[in-house]
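What follows is one chain in C-alpha cells, specifically the form predicted on its own.
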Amino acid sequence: MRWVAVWRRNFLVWRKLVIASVLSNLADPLILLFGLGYGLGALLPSVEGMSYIAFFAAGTLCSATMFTASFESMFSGFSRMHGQKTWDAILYAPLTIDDVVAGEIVWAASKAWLSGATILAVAAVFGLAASPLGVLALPVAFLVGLAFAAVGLVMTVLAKNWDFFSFYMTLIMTPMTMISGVFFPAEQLPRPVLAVAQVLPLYHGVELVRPLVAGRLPTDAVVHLVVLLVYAGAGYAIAIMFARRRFSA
C-alpha cells in the first residue's frame, strides 16, 4: 500500500488547483453533450429506445473518463517524471518505482472517475439518467479510468519528449472515440471495423454504461468487465517493466 503516498501527494497538489482542473476537464465534454446532443437530438427521434441526448450522455461519460485518465497519466505524469523530476525525488524515500507507477495509475483513474461522476450527475439533473441503476455506472467509470490510465502510463515511460503523445492521441484515441459507440451505435459499423472496436476498451465501457443510464442491466457484462480488467492489468505490468528499465539505466 505504499503507492497511497504517491496518490496522496498528487491529490494535495491537485487540491490547490481544483477549480481550474475540474473546469478544464469538464468544459469540452459538457459543451459537446449539450451542443451535439440537443442539435442532433432535434433531428433524431430516438436511438436504441433513448432520446439521442441521453444516448450521447452515456457515451460522453466514457469518453470524458478516457480523455481525463489519458491526459493525466501522459501529460501530467510525464511532467512529474521528466520535467519536474518528481519521480526521482520520490525514489529517495523508502518507495520503489513499482509504487510510483501504481500510485500514478490509481491517481489518474481517480481524477477520471471524478469527470465521469460529474457528467453522470449533470445527466441525472436534466433527467437523462433517472434510473437508480445509473449509480452502477460510477464503479464502471473508475474501471474505465484505470484501464486508460494504465495504458497511458505505458506511453509515458516510453516517451522521450512531449511530441510522442500526439501519435497515440491522433492514431489511437481519436479513431477509438469514433468507432466505439460514443456518437452512434457501434453495430452500424462495417463488420471488420466493428471487430476492431470490440477489442478496444472504450467500446466495452460504453456497452456497460449506456444500458445502466437507460435503466437496464447490460448484456455480456462479465465479458466487458474482463476486457477492461485485462487492459488495466496488462498496462500496469507493462508500465512497470519499462519504468524499471528506464530508472535502472
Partner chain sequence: MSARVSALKARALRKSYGALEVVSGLDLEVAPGECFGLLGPNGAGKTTTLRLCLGLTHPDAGEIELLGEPVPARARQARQRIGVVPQFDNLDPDFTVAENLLVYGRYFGMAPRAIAAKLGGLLEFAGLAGREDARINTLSGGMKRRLTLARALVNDPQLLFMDEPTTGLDPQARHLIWERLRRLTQEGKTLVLTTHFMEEAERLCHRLAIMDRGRLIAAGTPRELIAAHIEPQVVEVHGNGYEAWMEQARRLAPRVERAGDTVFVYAADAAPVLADLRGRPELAYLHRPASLEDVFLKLTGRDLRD
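Numbering follows the first chain given and starts at 1. Here the structure is a predicted model, which means the values were calculated and not measured.
Although not depicted, the form predicted in complex with its partner chain is the subject of the following passage.
- This chain appears without its partner; in the predicted complex, the one residue of 178, 122, 138, 91 with a heavy atom within 4.5 Å of its partner chain is 91.
- For residue 84, a non-hydrogen atom is located within 4.5 Å of its partner chain in the predicted complex, even though that partner is not displayed.
- Residue contact with its partner chain in the predicted complex: residue 118 places no heavy atom within 4.5 Å of it.
- For the chain shown alone, residue 95 is a contact residue for its partner chain in the predicted complex, at least one non-hydrogen atom being within 4.5 angstroms.
- Within this chain, residue 13 lines the site of its partner chain in the predicted complex, having a heavy atom no more than 4.5 Å away.
- Contact with its partner chain, judged by heavy atoms within 4.5 Å in the predicted complex, is confined among 161-169, 146-154, 108-116, 95-103 to 95-103.
- Residues of 211-227 placing a heavy atom within 4.5 Å of its partner chain in the predicted complex: none.
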